[in-house]
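Each of the two blocks below gives one form of the same protein chain as structure tokens; they are labelled structure 1 and structure 2.
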Structure 1
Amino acid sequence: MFAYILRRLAFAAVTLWLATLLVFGALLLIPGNPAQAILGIDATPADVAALEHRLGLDKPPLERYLNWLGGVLRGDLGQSIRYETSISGLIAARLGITLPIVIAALLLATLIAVPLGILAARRAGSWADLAVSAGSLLGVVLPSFWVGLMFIYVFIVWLKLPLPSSFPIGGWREPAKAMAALVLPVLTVGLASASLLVRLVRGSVLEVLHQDYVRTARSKGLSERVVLYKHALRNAALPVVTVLGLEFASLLIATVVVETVFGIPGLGSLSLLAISARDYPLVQGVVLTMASFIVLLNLIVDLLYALLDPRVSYA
């Protein structure tokens, strides 16, 4: 098991390094220049050159990349070009908003999807199954920015619930207000994620219910409850756990849209800003952070998989 984890960690490190390389290369290819973006269109070429020099952008790309990588290895993500402040500080503050959204949304999705999925699988073909399937289809096809806007109109504008439409100025200094601001984004992202998950749970449970061992358990005269919770669900959970891990990653990315709609200063909106400002070190820092989460989650999923399914070997 230990060697397995070690091997997985080495693999994760290589993945992250490749990610930095890809991002750095992509940024070299897209047109645009952070110095010009900062100074605006009234700046002269001399001003732009001066600022490029101050920011170290006149150095060759390889040198810039190595400098940055050296910093990262020492635990320093560097300074943001646009904001002129520490990148790790920026990212930490943003994660403090995005992570709660993602975790709460994932919890919400699980709480909705698991019971509904089991219900639909047990009564496959019934009206309940049909309703769950139709509802989940709706959740999958409706774009989250539209759903978010509709939520704002329905809950805040029409029903006049005391929820802010965007993250409050001052942020977590007013925790109640900040939490209230996250309700609708969590609902938006959570419902979309639940729609995906419910189909998976239904399919997974349905498949397990048709397995021989379930038939055996039933023929032994075990109650339906024991069959379902003791035998079927443990096996049905495997693909669900995998997908939950992947969902976390895609939710991290889905927040880009939702954070824009709800005016939330999270990691998603930071990544958009970093790209549009061509803030190279900041883009790299954000990508590295997101990639680290994804890699870490994959690792956890793999380990959980091994725990849940004794047939998976660590060799």
Structure 2
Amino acid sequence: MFAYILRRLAFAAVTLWLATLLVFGALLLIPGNPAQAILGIDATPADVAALEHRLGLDKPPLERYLNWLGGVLRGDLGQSIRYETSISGLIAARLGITLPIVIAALLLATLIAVPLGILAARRAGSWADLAVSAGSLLGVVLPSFWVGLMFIYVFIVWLKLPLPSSFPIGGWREPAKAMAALVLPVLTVGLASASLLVRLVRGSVLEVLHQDYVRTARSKGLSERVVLYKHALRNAALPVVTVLGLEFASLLIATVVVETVFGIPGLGSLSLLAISARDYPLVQGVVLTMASFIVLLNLIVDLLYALLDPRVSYA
């Protein structure tokens, strides 16, 4: 097991290194001069050259990549062009808003999807199954930005609930207002995620309930509750755990839209601002941070998978 963990850690490190190459290389391929784009078309060549020198853009790409990679390894992602401050500090502050949304949404999605998926599987073909399947399909096809706007209209405009329509300026220094501001964003991304997970849980449980070992357990006279919770759910959980890791990454990316709709100053809105301002160092930092979370979650899922399924080889 220890060797397996070491191999997975090495694989994660290589993946992150490749991610740095892709992030840096992709920005090199974008046409146009970043310094010219920042200063505008009226800037003189001398001003453009001075900004290129200040940003280090006049150095060869390999030297710039190695300098950036060295900073990344030291935990320093450089300076933001737009904000003229540490990118690491900016991302850390925005993660303090985005991560609670993602974690709460994933928890909400799991709490909704698991019981509804089990119910639909146990009563396959019934009205309950049809209702759950139709609801989950509706949740999948509706775009998150539209759902978010409808939530604003229904809960704030129509029902007049005292929910702020944007994140408080004081941030988490006003915890009650901050948590209230995150209710609708969490509902928006959580329900969308639950719609996908319900279908997965239903399919996974349904498949396991038709396995030979489940029929054997029933033939021994075990109650349906024992068959389900002791024998079936453990194996049905394997694909669900795998998708939960990937779903975390999807929710992290989905916040780009939801944070814009609700005026939340999180990592998603920061990435949009960085792209619109052509703040390439900040774009690199945000993308690499998201990639790091995805790699970390996949690593955790791989290790959980090995613990849940003894058939997984550690060799």
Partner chain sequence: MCRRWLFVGLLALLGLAWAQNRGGTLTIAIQTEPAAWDPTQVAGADISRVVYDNVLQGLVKRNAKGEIVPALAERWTVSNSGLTYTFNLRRGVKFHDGSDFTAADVVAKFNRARNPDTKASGHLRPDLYKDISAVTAPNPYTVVFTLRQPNNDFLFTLSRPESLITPSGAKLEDLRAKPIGTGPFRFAAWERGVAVRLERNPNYYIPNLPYLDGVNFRFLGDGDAQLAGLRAGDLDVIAYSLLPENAQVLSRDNRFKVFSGSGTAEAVAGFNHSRPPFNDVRVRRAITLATNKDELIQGAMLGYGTKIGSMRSPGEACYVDLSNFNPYNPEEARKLLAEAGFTAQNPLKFTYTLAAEFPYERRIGEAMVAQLNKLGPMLQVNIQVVDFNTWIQRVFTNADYAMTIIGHVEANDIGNWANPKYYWRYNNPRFQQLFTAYLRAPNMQKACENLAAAQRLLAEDAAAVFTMSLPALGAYRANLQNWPGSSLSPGIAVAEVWWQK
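All residue numbers here follow the sequence of structure 1, with the first residue given the number 1. We call the rigid core the largest set of C-alpha positions that still match within 1.5 Å between the two forms. All of these numbers come straight from a predicted model, not from anything done at the bench.
It is structure 1 that shows the chain in the form predicted in complex with its partner chain. After superposing on the rigid core, the C-alpha of Pro60 is displaced by 2.6 Å between structures 1 and 2.
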